[in-house]
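Next up: just one chain, as structure tokens, the form predicted on its own.
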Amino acid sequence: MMKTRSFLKCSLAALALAATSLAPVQAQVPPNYKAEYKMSLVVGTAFPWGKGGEIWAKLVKERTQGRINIKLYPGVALVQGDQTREFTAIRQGVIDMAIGSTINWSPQIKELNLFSMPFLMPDYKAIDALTQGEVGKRLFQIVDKAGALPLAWGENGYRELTNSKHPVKSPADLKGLKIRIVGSPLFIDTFTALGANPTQMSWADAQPAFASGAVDGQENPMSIFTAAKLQNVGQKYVTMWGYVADPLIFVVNKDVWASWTPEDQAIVRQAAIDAGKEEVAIARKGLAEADKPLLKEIAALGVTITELTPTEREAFVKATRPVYDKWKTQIGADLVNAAEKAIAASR
């Protein structure tokens, strides 16, 4: 009987040991790590921008075996919806991580206005020449010095013009149109030069304003147009003019970054780079292809799409040239010159 009990005990111990060895290995979480890290985003996961945040968070959780868990806060909820305050909140530690717009952060970092220079970047090759080259490295150094650690580039896309009144093929067609813009003095200058009436308001306020007719139009990437279904709030006319593009930057608060082990820092950085590449591909889908299938889908919704001829586009370039020259000085002529050279080399 004693031998039987002893055998049973040994068998149970062996089974317990086997079960333990088969159980998933739980990552050792350093005591100074937060249970959850807050990531700020302007939009949700229906948009390429939000998907980038979702992908980054997922990769980090998987690759750190759950040591670093990230929660998304779309709608810039951590700063009460004011996207222009996002960068300051990252620096102060209110936000742990973010994928932010170069436009939204330009009030704090004037050099990021580079991407909002009217008609600087004629195509995707031009954007890549800046973000993936020496200009991109310089801008990362500037962002770092401003108080947040940049890890990777993403992309919101080219900002195209839409309105509820008529096709826009020339600056004259914009005259008097009330166009919703983001809170940037450069955008105000650009649309004023084109004869429009630029109106600054949050995205949350803009959509009801389109529906009521209080605001005539807006400028945003086509991924925003489709995800927000802007054709349902009167935006029936699209002009593909590619006047500015909006790269995104993946950043981490510096104190948060310093709290992680070097191994986890390397994981988070590579996850940001990988998520950024995937997000850019999502943002360009349907537009980077020669036949631009996304435009066909939008046209099928009853939207009139105007694609400018080189001559028509040049009229907009000429009308906004004084704005370009003014802001070249404010941003830094050396940085703008370096950008112009990089784009010329990409042609």
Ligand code: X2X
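Computed from a prediction, not measured in an experiment: that's the story for all the values here. One-based numbering along the sequence shown.
Omitted here: the form predicted together with the named molecule. The next part is about that form.
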> Based on heavy atom distances of at most 4.5 Å to the named molecule in the predicted complex, which listed stretch, 220 to 228, 161 to 169, 268 to 276, 136 to 144, is the contact stretch?
Replying inline: 220 to 228
>> Quick check on F316: any heavy atom within 4.5 Å of the named molecule in the predicted complex?
In response: no
>> Is V42 part of the interface with the named molecule in the predicted complex - any heavy atom within 4.5 Å?
In response: yes
> Can you check whether W203 is within 4.5 Å of the named molecule in the predicted complex, heavy atom basis?
Replying inline: yes
> Would N156 show up as a contact with the named molecule in the predicted complex if we use heavy atoms at 4.5 Å?
Replying inline: yes
>> N113, S116 and A245 - do all three of these have some heavy atom no more than 4.5 Å from the named molecule in the predicted complex?
In response: no
> Which one of Q83, T199, N253, Q235 is close to the named molecule in the predicted complex, taking close to mean a heavy atom within 4.5 Å?
Replying inline: Q83
> Since exactly one of L194, I95, A148, V182 fits, which has a heavy atom within 4.5 Å of the named molecule in the predicted complex?
Replying inline: V182
